[in-house]
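Presented as structure tokens, the chain that follows is alone, the form predicted alone.
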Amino acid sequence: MSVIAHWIEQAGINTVVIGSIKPQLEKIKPPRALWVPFELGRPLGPPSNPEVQLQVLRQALGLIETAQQAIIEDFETDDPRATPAKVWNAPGIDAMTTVAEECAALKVYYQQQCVSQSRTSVGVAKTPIIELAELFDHVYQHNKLKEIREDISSRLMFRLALDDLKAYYIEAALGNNKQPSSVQIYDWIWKDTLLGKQMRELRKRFMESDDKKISDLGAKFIVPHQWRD
């Protein structure tokens, strides 16, 4: 978007870019940019927080009225979801030996969240979560992918399974109606759950594979940068 902004400006239309990666903004130097301290994919801030979202829009649009070109301004407020919630306790999943067992233990928390919000983001794989957990357990134990559907490749199926499993764990973390910070949720997933620990280990194994598709899967799609060893 920063590159496109330069072209739009040349046509005589003022632009402002809202960006989450400051080094990228500093390198490409869009005509006007607002850096925000939110997670990737949330340029306007946390969901269900219209006050912060409006604040982002007002500050960004304000740059068009007041700022000359080649400016990067920081958002005025910290991410409200970054502050740990003192009232939140992680779901109880100690002593699980498989991700399938862990998912079963998290089911009550996940269902509470579904009832509370009347929706879920789990479902991209169109396969029951326990089957996805069992697929993950198989891949982790045997260090190779497995076909479970004829209409989709094993590689793509595993990617979709990981997306659904991560979404399931996030919603389970929210299931006790105590709103944890984003940092708390992801620290819990990647440091404390069996899924997170085994995904980190599986990434290392995949990256050592002679199969480029598998090594790329490990490098790009399994573990976010900040939780890679």
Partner chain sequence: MARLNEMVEGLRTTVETLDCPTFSDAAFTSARPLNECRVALISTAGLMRRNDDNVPGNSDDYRSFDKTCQNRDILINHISVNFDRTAFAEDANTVLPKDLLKTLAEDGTIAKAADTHYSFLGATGAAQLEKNAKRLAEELNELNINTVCLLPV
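Each form is matched to the other, and the largest set of C-alpha atoms that superpose within 1.5 Å is called the rigid core. Positions refer to the first chain, counted from 1. Quantities reported herein were computed from a predicted structural model and do not represent experimental measurements.
Although not depicted, the form predicted in complex with its partner chain is the subject of the following passage.
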{"property": "Among the candidates S121, S154, N143, Q111, the residue which, in the predicted bound form, approaches its partner chain to within 4.5 Å (heavy atoms)", "result": "S121"}
{"property": "Contact label in the predicted bound form: N14 to its partner chain, heavy atom within 4.5 Å", "result": "yes"}
{"property": "Distance check, K220 to its partner chain in the predicted bound form, heavy atom within 4.5 Å", "result": "yes"}
{"property": "Partner contact for I21 in the predicted bound form: its partner chain, 4.5 angstroms, heavy atom", "result": "yes"}
{"property": "In the predicted bound form, P31 touching its partner chain (heavy atom, 4.5 Å)", "result": "yes"}
{"property": "All of A104, I148 and G196 within 4.5 Å of its partner chain in the predicted bound form, heavy atom check", "result": "no"}
{"property": "Sequence-ordered list of residues in 1-15 near its partner chain in the predicted bound form, where near means a heavy atom within 4.5 Å", "result": "M1, V3, I4, A5, H6, W7, I8, E9, Q10, A11, G12, I13, N14, T15"}
{"property": "Core-aligned C-alpha movement of W35 between the shown form and the other one, 2 Å or more", "result": "yes"}
{"property": "Core-superposed comparison between the shown form and the other one, L194 Cα displacement 2 Å or beyond", "result": "no"}
{"property": "Core-superposed comparison between the shown form and the other one, A167 Cα displacement 2 Å or beyond", "result": "no"}
